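Presented as structure tokens, the chain that follows is alone, the form predicted alone.
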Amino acid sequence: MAETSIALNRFGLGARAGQPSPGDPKRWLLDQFGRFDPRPAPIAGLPAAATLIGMLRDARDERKDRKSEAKANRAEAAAPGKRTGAMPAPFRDLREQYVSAVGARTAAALASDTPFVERLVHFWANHFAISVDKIAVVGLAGAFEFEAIRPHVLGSFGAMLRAVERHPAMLLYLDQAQSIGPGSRLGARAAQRGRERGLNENLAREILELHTLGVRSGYSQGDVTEFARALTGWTVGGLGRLPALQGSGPGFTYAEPIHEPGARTILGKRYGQQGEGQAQAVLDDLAVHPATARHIATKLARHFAADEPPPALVSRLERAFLSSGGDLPSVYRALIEAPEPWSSGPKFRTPWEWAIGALRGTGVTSLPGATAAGAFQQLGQAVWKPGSPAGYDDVAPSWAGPDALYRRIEVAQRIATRAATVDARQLAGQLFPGALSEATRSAIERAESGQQALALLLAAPEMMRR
């Protein structure tokens, strides 16, 4: 595959119709670092996490009131003509915020002239995955990506890690907001009253297993438990759930009354810091740990080169990570300069990648949020809704099944219908410069109409892969 096509499609998000191809593909990728806008217009106008937490608090309060009312009036609630089970208005508002955020994310990807960095945002958002399957996360999912990922995509891994693990969406998704040290002041008082409060290990486990070191990297269950104890006190203010949080503003809050006192030993190192700084010290060490470097290098190599990450590329990226202290642009530069992403076989596009590539290619610059959310749901990759904290898979077998391909063909036909004036013959060369197969070229030439030709192009092997 020609380098220009690889730069546009493997490193980027696909060419935009009418734009000239980059003359120097590697220079084009590097130059994007200085032009990336972390807050493009579609995203800048959305509410921040603090506002969304207030909406979540209102929704929970209304749900609590409804439950109390239903309990007191069960007979009336069951009477003919009485509406029951309707979604409270605040929860509908949070759902609308999710839909708006999906539209903003899609618009940013479609209009971006820094598509390599935009792809990296999507990569990291999937690495630090959250899911709107959890109702508390629905309204906050977009803010998580826009506040914790985008501003740090060209910074250090450590800075991104700190922002991610403190963001309310992550704290709520992995139940850290309800984790209370059994030996904390609040935990001890609760135990005296026979109401023991529990330690939750979800965030600690996923930080070690997914966000930093990776599986089978040498940490133990004891390390998970100790890290969970260090993390107690990291919670979300503004939801009015605990007396210890009264007066806390909406967002990340450190609550000393629920922090487990004492020093912790994690991965053989003693952490004697007090309070909030204890877990932060652990995070800082994890951010530059050799196992973290290898884990991140492996995932980047898989994403940009091959489903089976080339060992030489993994080693090269790992060295760049360690020698720079986790400076992400240094790792990206090593990725661009490495031969493997430019010489490996094609990667199969995920539904998100395929749809964004098809829409960019046909000149679409934005979609209504509801349209975008529905389309990605239909394609099997709903935005911010993976099945687990591990995120969506990044390998072909997860996306190349017959049913998944049929869905893409259906969407390709709809796009072609709406972009009837686009000349597929001319567009093909722009989307895949120097990389269009003779079979695809011939199929487009033989098409019975311009609409059919465009649908064939959008469903061609070149469009399915990058």
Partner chain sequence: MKLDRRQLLAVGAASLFAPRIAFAAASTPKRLVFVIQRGAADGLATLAPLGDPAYSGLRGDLAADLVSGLKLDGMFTLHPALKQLGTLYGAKQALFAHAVASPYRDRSHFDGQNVLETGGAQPYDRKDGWMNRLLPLLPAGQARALAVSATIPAALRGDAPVASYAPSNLPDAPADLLQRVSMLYSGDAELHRLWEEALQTRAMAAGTDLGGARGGEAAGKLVAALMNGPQGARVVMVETTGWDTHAGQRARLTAQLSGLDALIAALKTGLGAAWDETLVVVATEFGRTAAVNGTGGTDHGTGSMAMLLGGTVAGGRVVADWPGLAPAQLYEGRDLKPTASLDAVLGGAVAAHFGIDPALAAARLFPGGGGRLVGGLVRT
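Since we're looking at a predicted model, the values are computed, not measured. Residue numbers count along the first chain shown, from 1.
Below, we turn to the form predicted together with the partner chain, even though it does not appear here.
J.: Mind telling me which stretch in 53 to 61, 23 to 31, 401 to 409, 426 to 434 gets its heavy atoms within 4.5 Å of the partner chain in the predicted bound form?
T.: Among the listed stretches, the partner-contacting one is 401 to 409.
J.: Is there a heavy atom of Leu13 no more than 4.5 Å from a heavy atom of the partner chain in the predicted bound form?
T.: Judged by the heavy-atom cut-off of 4.5 Å, Leu13 is well away from the partner chain in the predicted bound form.
J.: Ala447: heavy atom within 4.5 Å of the partner chain in the predicted bound form?
T.: Ala447 belongs to the contact set for the partner chain.
J.: At the 4.5 Å heavy atom threshold, is Ala17 in contact with the partner chain in the predicted bound form?
T.: The answer is no: Ala17 has no heavy atom within 4.5 Å of the partner chain.
J.: With a 4.5 Å heavy atom cut-off, would you call Ala44 a contact of the partner chain in the predicted bound form?
T.: Because no heavy atom of Ala44 falls inside 4.5 Å of the partner chain in the predicted bound form, the answer is no.
J.: If we check the partner chain in the predicted bound form, which of the residues in 14 to 43 reach within 4.5 angstroms of it by a non-hydrogen atom?
T.: Contacting residues: none.
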